[in-house]
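Here you get one chain, nothing else, as structure tokens; it is the form predicted alone.
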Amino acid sequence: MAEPVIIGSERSEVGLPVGVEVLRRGGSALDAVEAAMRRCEDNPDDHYVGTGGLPNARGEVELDASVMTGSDRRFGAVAAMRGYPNPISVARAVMERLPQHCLLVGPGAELFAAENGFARAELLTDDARRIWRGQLTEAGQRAGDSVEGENTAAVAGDRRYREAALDLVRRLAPHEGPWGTINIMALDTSGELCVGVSTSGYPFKYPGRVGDSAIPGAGNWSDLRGGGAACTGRGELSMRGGTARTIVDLLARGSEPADACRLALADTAALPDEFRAELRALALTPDGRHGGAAGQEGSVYAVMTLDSTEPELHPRVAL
């Protein structure tokens, strides 16, 4: 049996120590992922998940999240959910308390959260509002630059997206937003593997837009026959490529985690996309091997084992 481990995408370092403590106590991979992700969602300095997430084109914070367990491929997700700061926990509740469904969206997800006793909160913080207003003002002037704190690099597709987004914002209300999904995966002492994904979504997204984070096989997939995988970045590409499922299928056929991620990203790179931007992927196997890939050099992911005192950063392979 592999030793327990927890890994995460950029900015998961805030939550991984909480998750590894769950694993040290003999807790489940699902418990570890939820605990770690909640800490990330509750971090007001992170403007790409949970409280403090940046808003959609109407100035409303809409959150997406999912969890999936590898032994049974149970999946729970919420999308375009407003007013609840920990979508990862609501997604878990969908999986466990509403097993006849996998995904709830919008008002339905909010109704379910209320019925299950989750507390409402104001998600648009003063700092997020300030960043949003500043980004809106400057986007047209610096459309060729990446937004500070983003996981992904600006390319021509980003510039076109922001130009189109400005037109959208002018027709709706003056509001803003960048992106940066968090992926967390854990392997526990029983051999269970869980993948969790949480995000406030793509910059300037149209209200109701749902990305890959809530879609099984796209942004999240877990199957003990191969492993677990998740994506961050341009979610429309991973939805079209079935990227997370592709990675796990490659793992099942014997690919190393980093190679599987690189091959899956190479597949999406061949798709036509007027708004192309970087996509990243991360993978973990049932025997504890892990790896990731990205569209640019210098990208990393974080790892903690039971012996870790702090998250250790590992490089992702670049396309």
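Residue numbers here begin at 1 and follow the sequence given. Quantities reported herein were computed from a predicted structural model and do not represent experimental measurements.
One more form of this protein exists, namely the form predicted in complex with aspartic acid; it is left out here, but the text below deals with it.
The stretch in contact with aspartic acid in the predicted complex, judged by heavy atoms within 4.5 Å, is 208 to 216, chosen from 241 to 249, 81 to 89, 112 to 120, 208 to 216. Heavy atoms of T199 reach within 4.5 Å of aspartic acid in the predicted complex, making it an interface residue. Contact between N220 and aspartic acid in the predicted complex is not found at the 4.5 Å heavy atom cutoff. When contacts are judged by a 4.5 Å heavy atom cut-off, G233 counts as touching aspartic acid in the predicted complex.
Although the partner is absent here, G180 lies within 4.5 Å of aspartic acid in the predicted complex, judged by heavy atoms.
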